[in-house]
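So this first bit is one chain, no partners, the form predicted on its own, shown in structure tokens.
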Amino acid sequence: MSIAKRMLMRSAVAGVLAALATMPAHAGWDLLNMPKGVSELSREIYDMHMIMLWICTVIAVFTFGAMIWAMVRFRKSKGAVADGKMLHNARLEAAWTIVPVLILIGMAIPSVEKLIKIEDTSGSELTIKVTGYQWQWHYEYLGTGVSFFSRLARDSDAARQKRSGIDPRSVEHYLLNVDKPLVVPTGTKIRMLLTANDVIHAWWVPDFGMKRDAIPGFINEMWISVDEDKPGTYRGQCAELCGADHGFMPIVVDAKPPAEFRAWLEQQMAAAAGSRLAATE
């Protein structure tokens, strides 16, 4: 190898090592990879994702490694000459057909099991209808009379306007807060019915491991749950381009312990009953 080629290779290796050294230990991976989530289902989806990722990584390393080795080992500068005859090896061809089929079957069986579980809404204890609008969400707790709209928090909405004079950095959770979050109980299987009133939207909270399109004229369903020991606030976004203000349509879910949720729901039911009574007078 010439001196110039050796210097070029050393420079490339040094550049790669320097770039890796400047990367945070885990921050980059956390941003690139999907979260484990806060439910048994989301963790199962994460585990399946990681298994498939590593299987595909091993296959890619083996395949591209063989290609690169062949290109380097049998390059023209080494005196390699192309074989003008078509070679045929029945055993080799059978192997590279059967082995990928077995790998795909091995990947498909656990994947189908997870897909069935994802679609199984039986045994749910609470049903919430979610309707997407440009650009807000409407939540209805079926059978309770409780419903409300949820839209971008007013302080974020004011700060995002042109020439508002408001520094977005002064607004807590800028563009990620809503005026009324969806409230759910922890440790509960919740059935979600999704539709839309105008264009296609998509309800997505990464920590739940689930996303569904909300389509006008159709009802899609899914289920979510939050671990009993993980109450808190979880954020998401509309994940379908739905118009000019698509980027200003956040989702906020407030997961409360069952007792606190029941108290909140009873308060909302009483307020809704009072509003209906006032409307009839």
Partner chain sequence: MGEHGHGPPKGIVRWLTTTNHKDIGTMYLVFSLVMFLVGGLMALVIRSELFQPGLQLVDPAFFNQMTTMHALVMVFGAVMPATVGLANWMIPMQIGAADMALPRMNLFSFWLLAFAFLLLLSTLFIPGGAPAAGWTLYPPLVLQTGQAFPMAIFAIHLMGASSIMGAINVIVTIVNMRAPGMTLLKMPLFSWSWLITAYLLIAVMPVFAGGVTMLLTDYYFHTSFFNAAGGGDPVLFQHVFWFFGHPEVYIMILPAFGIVSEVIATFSRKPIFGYEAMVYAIASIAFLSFIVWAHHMFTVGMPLAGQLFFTLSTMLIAVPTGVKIFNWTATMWRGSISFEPPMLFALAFLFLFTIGGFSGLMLAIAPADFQYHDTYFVVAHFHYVLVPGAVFGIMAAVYYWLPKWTGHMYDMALAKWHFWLSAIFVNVLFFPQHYLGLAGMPRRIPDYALQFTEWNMVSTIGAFGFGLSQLLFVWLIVKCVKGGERATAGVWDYQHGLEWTVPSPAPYHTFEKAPEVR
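Since this is a predicted model, take the numbers as computed values, not measurements. Just so we're on the same page, rigid core means the largest C-alpha set that superposes within 1.5 Å between forms. Positions refer to the first chain, counted from 1.
If you look for the form predicted together with the partner chain, you will not find it shown, but the lines that follow are about it.
- The chain is drawn here without the partner chain; in the predicted bound form, the stretch among 141-149, 125-133, 195-203, 178-186 whose residues come within 4.5 Å of it by any heavy atom is 195-203.
- Three-residue candidate spot Leu265, Arg276 and Thr280; no residue lies within 4.5 angstroms of the partner chain in the predicted bound form by any non-hydrogen atom.
- In the predicted bound form, Ala153 stays away from the partner chain, with no heavy atom inside 4.5 Å.
- Proximity of Asp213 to the partner chain in the predicted bound form: non-hydrogen atoms within 4.5 Å are present.
- Residue contact with the partner chain in the predicted bound form: Lys256 places no heavy atom within 4.5 Å of it.
- Looking at Gly232, you'd find every heavy atom of it more than 4.5 angstroms from the partner chain in the predicted bound form.
- In the predicted bound form, the partner chain lies within 4.5 angstroms of at least one heavy atom of each of the following residues of 95-111: Trp96, Thr97, Pro100, Val101, Leu104, Met107, Ala108, Ser111, in sequence order.
- Comparing the forms between the shown form and the other one on their rigid core, the Cα displacement of Arg160 reaches 2 Å or more.
- Once the rigid core is used as the reference frame, the Cα position of Phe149 differs between the shown form and the other one by less than 2 Å.
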